[in-house]
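The chain below stands alone and is given in structure tokens; this is the form predicted alone.
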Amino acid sequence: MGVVASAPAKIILFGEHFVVYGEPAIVLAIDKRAYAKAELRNDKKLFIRSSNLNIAGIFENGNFKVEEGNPKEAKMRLEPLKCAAEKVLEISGEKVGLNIEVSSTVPVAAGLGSSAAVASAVAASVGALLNVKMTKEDVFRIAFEAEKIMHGTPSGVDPAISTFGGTLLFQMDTGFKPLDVKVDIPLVIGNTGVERLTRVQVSKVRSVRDKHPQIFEAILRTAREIVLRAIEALIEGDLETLGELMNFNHALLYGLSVSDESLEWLINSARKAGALGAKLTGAGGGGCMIALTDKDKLEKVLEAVQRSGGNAFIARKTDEGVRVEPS
């Protein structure tokens, strides 16, 4: 008998890129989830398969043997999941083999936190399978360790939101603070399909800071004001103001050269179709955009983004973080 757990993807509603310089960001869990199924094996091997990426492999005594897909890519993508599973095995004190099957409704490498969602789901499924009493904090810490393998020095935003769900205010020096958001947040998410490297986009912003330090300081102050006003709008349920603030936030990111033509096409189409506001989410330079939309215009905005070449879907805020699925 296997145990299935799932965890949500995320979008950055406000503050991407500025968070690196100590400013606050608002992150939202969305109702697209990654799933992990864990089963016991008769031997001590750890078999992991990703059905979306068509990769699989076996870890045994520090060695990796590819079973499906490109060996280098398989090892790179499955290593963090091995880390998550092994951390839970350590806590349990058991020396058992596992089969882990992961699948996801979250696009990969699009800035939606798919790797963290999968890591959280793996930790929770293995924990439930071995009857390990784990808090959400434990799952977060394990997913964060897994993310370090994938991304070097991640902020911790992705594993936090995929573990706890809801809406979080994040700042480097103070960490995470849940925001009490009652209002539904209907979104159209458009994936440009353009893969990008986060570090390339981060270095673009750094070069602006180095070249124009005083202008950059003013941009940071504006970004902070936008987030502080957005917190009020979220708590008040004022979607119209929220949309305006998203447009302001995007204008700053555009000025820092982290938007690109593929994103601008989708963002402009969404606004023309009646979205309350639209912006890139995540690193930029491709990846995804988000459009905040009244419920009655969701389909219209969705179609507009699709017509402009985006792989688009409707998403909503979810308050539920990582969970073990009923068997």
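This one's a predicted model, so the numbers in the text were calculated from it and none came from an experiment. From 1 onward, residues are counted along the sequence shown.
Same protein, other form: the form predicted in complex with (R)-mevalonate (MEV), not shown, and the subject of what follows.
Distance criterion of 4.5 Å from any heavy atom to (R)-mevalonate (MEV) in the model of the complex singles out 202 from the list 194, 202, 183, 96.
This chain lacks the partner; the member of 198, 171, 241, 92 within 4.5 angstroms of (R)-mevalonate (MEV) in the model of the complex by a non-hydrogen atom is 198.
Residue contact with (R)-mevalonate (MEV) in the model of the complex: residue 315 places no heavy atom within 4.5 Å of it. Using a 4.5 angstroms limit between non-hydrogen atoms, residue 12 touches (R)-mevalonate (MEV) in the model of the complex. Among heavy atoms of residue 282, some come within 4.5 Å of (R)-mevalonate (MEV) in the model of the complex. Although the partner is absent here, residue 157 is a contact residue: one of its heavy atoms lies within 4.5 angstroms of (R)-mevalonate (MEV) in the model of the complex. Stretch-level contact analysis of 72 to 80, 244 to 252, 157 to 165, 231 to 239 against (R)-mevalonate (MEV) in the model of the complex, using heavy atoms and a 4.5 Å limit, identifies 157 to 165.
Residues 12, 16, 17, 19, 20 of 11 to 25 are found to place at least one heavy atom within 4.5 Å of (R)-mevalonate (MEV) in the model of the complex.
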